[in-house]
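Coming up is one lone chain in structure tokens, specifically the form predicted alone.
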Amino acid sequence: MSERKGSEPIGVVGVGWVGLVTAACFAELGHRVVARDIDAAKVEALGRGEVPIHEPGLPELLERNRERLSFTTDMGELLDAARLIFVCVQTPPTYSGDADLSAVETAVEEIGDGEGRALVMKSTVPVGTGRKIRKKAGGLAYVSCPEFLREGSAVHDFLEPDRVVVGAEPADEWAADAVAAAYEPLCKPVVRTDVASAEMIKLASNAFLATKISFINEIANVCEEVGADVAEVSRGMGLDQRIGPKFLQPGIGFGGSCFPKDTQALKQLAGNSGYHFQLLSSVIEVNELQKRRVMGKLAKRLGSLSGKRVALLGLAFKPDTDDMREASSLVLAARLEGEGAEVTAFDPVSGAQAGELLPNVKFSESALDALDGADAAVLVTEWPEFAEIDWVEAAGRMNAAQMVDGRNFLDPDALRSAGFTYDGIGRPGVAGDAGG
């Protein structure tokens, strides 16, 4: 794609997952992009064409747009090139539950109060952050433009969004216009609103999706008690247009960098404002308990877990990413080790990151190797290749062919035909002994 006539140069501060996708996609839209990060080694690697994260489609995008993309550690270079500066730095939770805004504050200080420039906040921040920054930043305009990217499909989500949210105050209307124009090639709805509402849209959206997941997990747990099949229940619910089918897949809990952080952030924001967000407290509690229900299923099959070998299939919090943040595998591995079990594992992508976090887990080169000699297996991440495993061979390799499908991803009949006992989530009708 050639550079569009009159396209606005874009500056990106922070080339982590959000920043790198943002930079690459804006370049794809025809913008000249200068991306800055304080990590010199990362900047040098990106300059050589090396991509530090696993995100489908991103390497091809970066390669295709190398002429429009540059990476630097010099903030001055970025400020000389662009008046729209997208801040994409991390805002992790602190021990108190509040967002750590130190990286945001540093970026604001380095950008300064330059007249004619706009700071465009992509990072997820508490409601009210924009107002505070705008007061301190003098002539610097401020726009809230939250990201709604899903790991594993971030390139698609950027280029095919449901909407683009642009929040600004009347004094900064020129900056809001410029940001909206930057997204104009996407031909998607632009929600123009004030800064606080834009900040709340991001938190509320993720909290609502997390609520749907915790709700269907609770329904799955009830299904196990009353003999209903949650797969049929969620299918019937999802056909109702008021509900929809998305985020009605039960499992062993949500993880990653967004849902846990944003639900906690909204709960904390409400609490700091004097309001107890009871629903979100329950959503968070259900998610934590859901990760531990697998232990009950394993204990039912194996009795004591001490001395048993359990294989974890998948470690990343979701497929098509190597992200281990808030991954269910971390909780499962720790609980299994605490019960005296030996844990083996395989993940096609996240092995390096997982190895640092799970030093006592034995990592395997393939799913079949992880299953070798195991007394039970847990499918943690629904990587597509796991559906292609030769389950007859897998059953022959295992000490006991027992599967807990934590994502309801595998074919129960195929596993049972191969000699497995199969337990899903909320599917009592397909749980039972092989051939039963």
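Numbering starts at 1 and runs along the sequence shown. Everything numeric in this text was worked out from a predicted model, so none of it was measured.
The following text describes the form predicted in complex with a small molecule, which does not appear among the structures shown.
- In the predicted bound form, no heavy atom of Val331 sits within 4.5 Å of the small molecule.
- By the criterion of a heavy atom within 4.5 Å, Arg309 is excluded from the residues contacting the small molecule in the predicted bound form.
- Using a 4.5 angstroms limit between non-hydrogen atoms, Leu248 touches the small molecule in the predicted bound form.
- Although the partner is absent here, Val349 lies well away from the small molecule in the predicted bound form, with no heavy atom inside 4.5 Å.
- Note on the partner interface in the predicted bound form: the residue among His276, Lys362, Arg150, His156 having a heavy atom within 4.5 angstroms of the small molecule is Arg150.
- Contact with the small molecule in the predicted bound form, judged as any non-hydrogen atom within 4.5 angstroms, is confined among 333 to 341, 199 to 207, 225 to 233, 106 to 114 to 199 to 207.
- For the marked spot (Gly14, Leu46 and Val51), a heavy atom within 4.5 Å of the small molecule in the predicted bound form is absent from each of the three residues.
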